[in-house]
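Here are two versions of the same chain, shown separately as structure tokens and labelled structure 1 and structure 2.
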Structure 1
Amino acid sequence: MFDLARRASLFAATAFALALAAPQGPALADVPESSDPIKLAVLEWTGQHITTYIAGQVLERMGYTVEYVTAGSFPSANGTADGDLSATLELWNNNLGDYWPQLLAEGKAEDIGDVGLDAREGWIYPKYVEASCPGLPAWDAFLGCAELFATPETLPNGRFLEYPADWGDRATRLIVENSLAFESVPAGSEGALIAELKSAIEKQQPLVMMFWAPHWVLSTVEYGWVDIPADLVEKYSMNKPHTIKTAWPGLKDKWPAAYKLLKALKITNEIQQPLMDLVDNQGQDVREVTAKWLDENEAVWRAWVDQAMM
């Protein structure tokens, strides 16, 4: 899993790194710059928990005190702007609402770069639907099968399950503005989206809905993405959601090294997805899972620490 050569070079790299070789080793001379706890927002989904606990545990091993604060979406935005939260990691621009972009634009919260996830968004259907609609995932075949997805309320149109109303209505606009034979129904919450997916699969019923990857539920089901034509994808910005890290603007002055570390932090699908599986499908504790990951992947995170200490 790790690159030995890189690991060796890292070991030799700096005195800082050596000092850090022992987990929870003595704090570095300049770190922490302040003994106040760095507060990281714990939002509502597992991927974000993994990203946050990895970041937090690296910070702890650098000698910082870290506090994990559970927060909803709006409270986290407000908290990050006020400094009640030092950083909120892994925000998805596809379900951000209006407030976060506004704060970032006004400079009340700072965008400190991409998380590193290779995210995807689009319309998914359970794999077995291909049996009753053979042309899938081709767009024309999908449009031809509209009636297959119909329910009593939407007849003769197909039923399309849309994101909750407060996440935006891009799919609905695509459907309405292009007069597709579908009627979009907003889900109301992420739980509702997943409950519908689980239920449809149990009953082997047709379902098409707006969704995104990586998501833990996708490792438990067989599914396909509808091939939406490139011009529509472009027009309704339905290609790649990106995931960003945000920080309280005061972070870089109060804890410069921690700020640089969070900037350097990169969590890829390869890191996140197996851990998500351990937590969501095997019921392990997220803190234990990330601590174990840190023990086994020192090379990866020590590279971030190096960047932070430069």
Structure 2
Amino acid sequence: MFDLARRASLFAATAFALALAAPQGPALADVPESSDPIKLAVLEWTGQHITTYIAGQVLERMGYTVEYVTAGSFPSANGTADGDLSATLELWNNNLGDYWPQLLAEGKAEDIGDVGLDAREGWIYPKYVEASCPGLPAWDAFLGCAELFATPETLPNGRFLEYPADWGDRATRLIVENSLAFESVPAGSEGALIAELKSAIEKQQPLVMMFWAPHWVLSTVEYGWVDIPADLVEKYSMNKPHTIKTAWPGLKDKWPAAYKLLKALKITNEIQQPLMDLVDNQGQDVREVTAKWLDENEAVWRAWVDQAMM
């Protein structure tokens, strides 16, 4: 009798624990609506990886099969429109080029909402440069110090470190079209941008580069933003950017709960930057980092699931 009672008690406790662990919502039995994999685009920067793997792992916990597909910013547009990709998460509106807006306007891709980041973009320099260029971050002072940023390859012009070519060339166009005394050099990747910044700081060398926030490295260095005039900021789309999520238009019909989950997903700077540090600065695996975050922050993503199951 004691053994039977003990087994019954253990069974009840296990059932209660499973009930707590299960995603809440009346339509749970209908998820996944299709056994086909939901394919999420993985682009070129760590923040996008974090957003994508958090989204994908929540979908996996709901029962979906998820595939993570490496794609460039612009190739992901074709894939999303064709249905080869189910969603592309965290696109910056000022790096969309011409093709993404065209697809969104034509209804071949769908904007499913803001990611939730408090984003900024512009030209940064290490703070110690101000000692050699009095007047920074003022624009006129910056232009007057162009030769300070020169290298043997760019003399007499200053060297400007641009985004990787696939991310767009807005800073380069600003320099060329306004005849600034700088030569723009594209970085090979996000990692190359970080490596150059770290190297310049280690050697106390001048550097000016295109960059963005949120980013983990900005919490480890002292830096300034060049005060670019408002008319140039507007003309070259360097105003305060926002980040969007996009989806294949068929997503809402094939996987309606997944569609609602991705719409509900919100990733803030407070979520993303510490995870960036773990991945980029401490060398941890992004999938393990995001899985641990999910384990420790169930209340956050459970709210997204609740909205998806309504």
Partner chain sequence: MTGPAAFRAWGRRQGGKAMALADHTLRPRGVLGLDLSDPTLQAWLMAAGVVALVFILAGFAPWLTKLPDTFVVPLNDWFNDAMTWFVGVAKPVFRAISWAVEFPMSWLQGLLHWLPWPAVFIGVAAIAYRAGGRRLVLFSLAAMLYMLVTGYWAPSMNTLALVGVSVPVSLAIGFFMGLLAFKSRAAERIIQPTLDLMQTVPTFAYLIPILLLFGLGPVVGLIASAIYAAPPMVRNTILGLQRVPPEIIESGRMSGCTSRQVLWWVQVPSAVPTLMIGVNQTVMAALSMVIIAAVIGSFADIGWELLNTLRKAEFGRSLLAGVCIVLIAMVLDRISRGFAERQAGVRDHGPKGIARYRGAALVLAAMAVAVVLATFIEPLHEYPRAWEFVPKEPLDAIVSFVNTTFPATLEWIKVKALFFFLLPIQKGFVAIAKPTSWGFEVTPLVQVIYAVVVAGLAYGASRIGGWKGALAVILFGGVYFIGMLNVPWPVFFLVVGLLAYQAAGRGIALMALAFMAFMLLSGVWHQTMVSIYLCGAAVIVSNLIGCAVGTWAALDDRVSRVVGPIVDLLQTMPAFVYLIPVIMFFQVGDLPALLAIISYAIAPAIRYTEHGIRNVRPDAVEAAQAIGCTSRQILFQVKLPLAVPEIMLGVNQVIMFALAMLTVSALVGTKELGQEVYRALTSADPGRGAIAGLSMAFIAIVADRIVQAWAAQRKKALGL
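Rigid core: the largest C-alpha set superposing within 1.5 Å between the two forms. Just so you know, these numbers come straight off a predicted model, no measurement behind them. For residue numbers, the reference is structure 1: its sequence is counted from 1.
Engineer: Which of the two structures shown, 1 or 2, corresponds to the form predicted together with its partner chain?
Structural biologist: It is the first structure (the form predicted together with its partner chain) rather than the second.
Engineer: Angle of the smaller rigid part's turn relative to the larger between structure 1 and structure 2, in °?
Structural biologist: Turning angle of the smaller piece versus the larger: 20 degrees.
Engineer: Given the rigid core as reference frame, how large is the C-alpha shift of residue 154 between structure 1 and structure 2? Answer in angstrom.
Structural biologist: For residue 154, the alpha-carbon shift amounts to 8.2 Å.
Engineer: After fitting the core, how far does the CA of residue 237 move between structure 1 and structure 2, in Å?
Structural biologist: That residue's C-alpha is offset by 4.6 Å.
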